[in-house]
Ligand SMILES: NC(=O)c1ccc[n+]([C@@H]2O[C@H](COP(=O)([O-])OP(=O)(O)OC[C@H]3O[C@@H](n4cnc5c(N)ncnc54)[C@H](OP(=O)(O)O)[C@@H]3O)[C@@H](O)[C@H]2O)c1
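Okay, so here's just one chain, in structure tokens, the form predicted alone.
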């Protein structure tokens, strides 16, 4: 049956695949026929993700992407890919007077420098196929939403969105598309375990026209669209998936 959203036969590399949006994206991509390469730094959780994937051609590569040697080792393990999902990320809430250089470095190393360097190496070593698709997982934070205490995290995501557009321009002659998805609040471990109470979360959900936070699959479906041939004429775009909160 014809399906323009199919990923049949495509090799897709997904970072941050041991939990949350990365894990769900890996699962959904495998259901759409992709051969999935997953990477993260936690071996036990990465093996769990691998066991949840459809198909027999999937594989995992352990890597701490902020470590240059491990990042380069990951690239060497890859023959070629048709799609790349840069999902590994880290959150932080810090009022501006307490947002030290160390905090900016901590977040930018994970959220910005690591994924950008991985993409650079994959392009330089010609691992991305012609007509391949790159998707950065960004955020509405720092791009269209500017909540209190979110400046460090938001700045890293704003940098990702800017870099995405430059990459989309520069890689277009190679027929490589580059886009971002920009989620609102999503129910993952990234938003859990902080200083915000359940009651505060419930009050925040009321700001969303659809009266709920997103689920990982809500974002995964948007990523699949950008990876698929259905979005063949889409590049340099930030796809906001936020339950309507920014309206």
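Residue numbers count along the first chain shown, from 1. Only a predicted model underlies this, so the values are computations on that prediction, with no experimental measurement involved.
Although it is not shown, the form predicted in complex with the named molecule is what the next lines describe.
- Taking non-hydrogen atoms only, residue 110 approaches the named molecule to within 4.5 angstroms in the model of the complex.
- The shortest heavy atom separation between residue 217 and the named molecule in the model of the complex exceeds 4.5 Å.
- When the named molecule is considered in the model of the complex, residue 45 lines it closely, a heavy atom lying within 4.5 Å.
- At the 4.5 Å threshold, heavy atoms of residue 84 stay clear of the named molecule in the model of the complex, well away from it.
- Between 118-126, 132-140, 169-177, 95-103, the stretch whose residues reach within 4.5 angstroms of the named molecule in the model of the complex through a non-hydrogen atom is 132-140.
- The partner is absent here, but in the model of the complex a heavy atom of 18, alone among 235, 11, 228, 18, sits within 4.5 Å of the named molecule.
- Checked against the named molecule in the model of the complex, the candidates 186, 53, 37, 32 yield a single residue with a heavy atom inside 4.5 Å, and that residue is 186.
- Applying a 4.5 Å heavy atom cutoff to the named molecule in the model of the complex picks out 63, 64, 65, 66 from 60-75, in order along the sequence.
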